[in-house]
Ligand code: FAD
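Shown here is one chain on its own, the form predicted alone, set out as structure tokens.
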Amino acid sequence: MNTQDTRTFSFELFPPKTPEGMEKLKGTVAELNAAGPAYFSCTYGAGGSTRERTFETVDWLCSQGIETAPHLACIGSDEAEIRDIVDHYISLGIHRIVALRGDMPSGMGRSGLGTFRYANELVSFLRREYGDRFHIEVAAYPEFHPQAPNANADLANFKRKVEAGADAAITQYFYNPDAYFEFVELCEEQDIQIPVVPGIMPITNYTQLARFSDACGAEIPRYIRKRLEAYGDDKASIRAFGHEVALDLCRRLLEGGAPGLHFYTMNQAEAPLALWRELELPSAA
């Protein structure tokens, strides 16, 4: 069971598409960073489709002295491409990476898969080439990956990433804490010892959340979905109810021994900071 002192609390960002979006993000980061997160992660598009924007965002975060964990998606890339990216991150002083398989860009066939097919191959490469230079996080799926043939296969895939050298995992978001605790128990039975940090998605926009969840396989429990549907266009009620749902989830996870929380901010500060304050999370500063 982790103590509060060893827990890790962090935020995720995505690279903005426009200069205006980048300027807005800088203000958001200033608000979020005042809370004292352990680090910010930054996403990376399918097949590297946001590579340059990711670099711009990561470069700026590092220039501000902010601990940064770039996502590194490997599918569609060869070793030379991954090495170039990692060497750039080393030049910035980065020592934390979120290693992912990633999604294929639309229209790219199997011939475009590149050297890497799975995240465990990327983790193995990073350990072989860079030793312990990086703290490596990988993805975990308490409700199981939508492309996995079954729960056992998904757990076996996760174990391969851990055995390849992952230090910790961040989960896909979920709203059923029992799914998380059951997943952790299954990991313990497989002698998987790394911390599995829950990913938390604040609820602020039901239409957007439903679209994301349908695409990635994250379940919105029926009682939550029906309550959100009933609010229609009442954004204030959606936010208020969403806050209570996420707050209860976070409390139950922390009370049950979760080794931290990783907030999917959607580049917005208000909702994750409201949770941070009410949970009285500690600053890493």
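Remember, it's a predicted structure, so these values are computed and weren't measured experimentally. Residue numbers here begin at 1 and follow the sequence given.
One more form of this protein exists, namely the form predicted together with the named molecule; it is left out here, but the text below deals with it.
Mapping the unseen interface onto this chain, residue 176 falls outside it, with no heavy atom inside 4.5 Å of the named molecule in the predicted bound form. Contact between residue 145 and the named molecule in the predicted bound form is found at the 4.5 Å heavy atom cutoff. Remark: residue 94 does not count among the residues lining the named molecule in the predicted bound form, judged by a heavy atom distance of 4.5 Å or less. In the predicted bound form, the named molecule stays beyond 4.5 Å of every heavy atom belonging to residue 136. Residues within 4.5 angstroms of the named molecule in the predicted bound form, judged by any non-hydrogen atom, belong to 148-156 and to none of the other stretches in 186-194, 124-132, 148-156, 205-213. Here is the short version: of 103, 182, 167, 79, the single residue with a heavy atom within 4.5 Å of the named molecule in the predicted bound form is 103.
Relative to the named molecule in the predicted bound form, residues 44, 141 and 171 are all within 4.5 Å by at least one heavy atom.
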